[in-house]
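Just one chain is shown here, as structure tokens, and it is the form predicted on its own.
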């Protein structure tokens, strides 16, 4: 049994590697299929073409970045560079792609991990309460409310919060990740300033993901609460809170834990839109700027990082799901 599980994990790992290879190939081709030339934008800001380079200068730049070679040669060079851990050199920012990504990644991780934590906690609590009082007033209130919130696009919800809470009431900053020179005022002041700027983006992503987590927790808890051992616990006179904490929630954690890891991948895509709404200096805003100036190496680096994060989250979710419930791994071996 253990050998079968190990073989399944190995096969699944190679499936993910093949998927990553396909994504890397598409990642190489798609930026080069965009209309325009990256060297027409080197002197511009946010895509405006301020000055043209001469033909000799453009040829020199294309030779420097290897863009004068045929596509197969560029593709082979790109694969060998990836195997060496080299993501290339940014055309627009004049820095190594890996250095820029490492500077922007912490801001995106702050949004994503915070949103995953808060949406999981809030969604599980509300879903458990809704399942416990299914069909009653609390459930009839929460169910349509969570569905309505979950259907609002992240960028639209972010714009609403930005207009009302930031521009209207002026409770939060309109953009950015921290106030200039805030880091010189001490750790606590810096922490509060960063949290103040991140509140609206995190709130947006949390609200968008809470609805899905609520529905999952509600369905899982409804199934668990209908089982015999829960009826026995109620017959013994145990309180509802104790039944939920010790008997129900623990047995409903398998799909919830899986969704947490899958949410990491989905929230990265949502963070890209939210960061552009709030001008937050993460990977999402960096990708928009890179697309505007046709910075091929930077676009490839961002997509590769996002793809790797999504595939890693899916792989971990797959492994943990089978670890929590070994029957999942054996179900494919059952013959009719």
Partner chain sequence: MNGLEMTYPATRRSLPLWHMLSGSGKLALLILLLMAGVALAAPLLCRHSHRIASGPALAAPSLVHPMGTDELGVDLWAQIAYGARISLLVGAATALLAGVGGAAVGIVSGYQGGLADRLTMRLIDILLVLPDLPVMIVLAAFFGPSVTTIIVVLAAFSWTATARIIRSRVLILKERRYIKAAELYGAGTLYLLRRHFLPEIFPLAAVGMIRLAGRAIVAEAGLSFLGLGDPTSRSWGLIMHHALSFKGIYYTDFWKWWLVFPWLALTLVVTSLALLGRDLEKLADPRIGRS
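Positions refer to the first chain, counted from 1. Quick caveat, the model's predicted, so the values are computed rather than measured.
From this point on, the text means the form predicted together with its partner chain, which you will not see here.
Undergrad: Does residue 167 reach its partner chain in the predicted complex if we count a contact as any heavy atom within 4.5 Å?
TA: Flag for residue 167 set to yes.
Undergrad: Would you classify residue 288 as touching its partner chain in the predicted complex, given a 4.5 Å non-hydrogen atom cut-off?
TA: Judged by the heavy-atom cut-off of 4.5 Å, residue 288 is in contact with its partner chain in the predicted complex.
Undergrad: If we define contact as a non-hydrogen atom of the residue within 4.5 angstroms of the partner, is residue 80 a contact of its partner chain in the predicted complex?
TA: Residue 80 lies outside the contact set for its partner chain.
Undergrad: In the predicted complex, is there a heavy atom of its partner chain that lies within 4.5 Å of any heavy atom of residue 23, even though the partner is absent here?
TA: Result yes; residue 23 sits at the interface with its partner chain in the predicted complex.
Undergrad: At a 4.5 angstroms cut-off on non-hydrogen atoms, which residues of 135-169 are near its partner chain in the predicted complex? List them in order.
TA: If the 4.5 Å heavy-atom criterion is applied to its partner chain in the predicted complex, 135-169 yields 143, 147, 151, 153, 155, 156, 159, 160, 162, 163, 167, 168.
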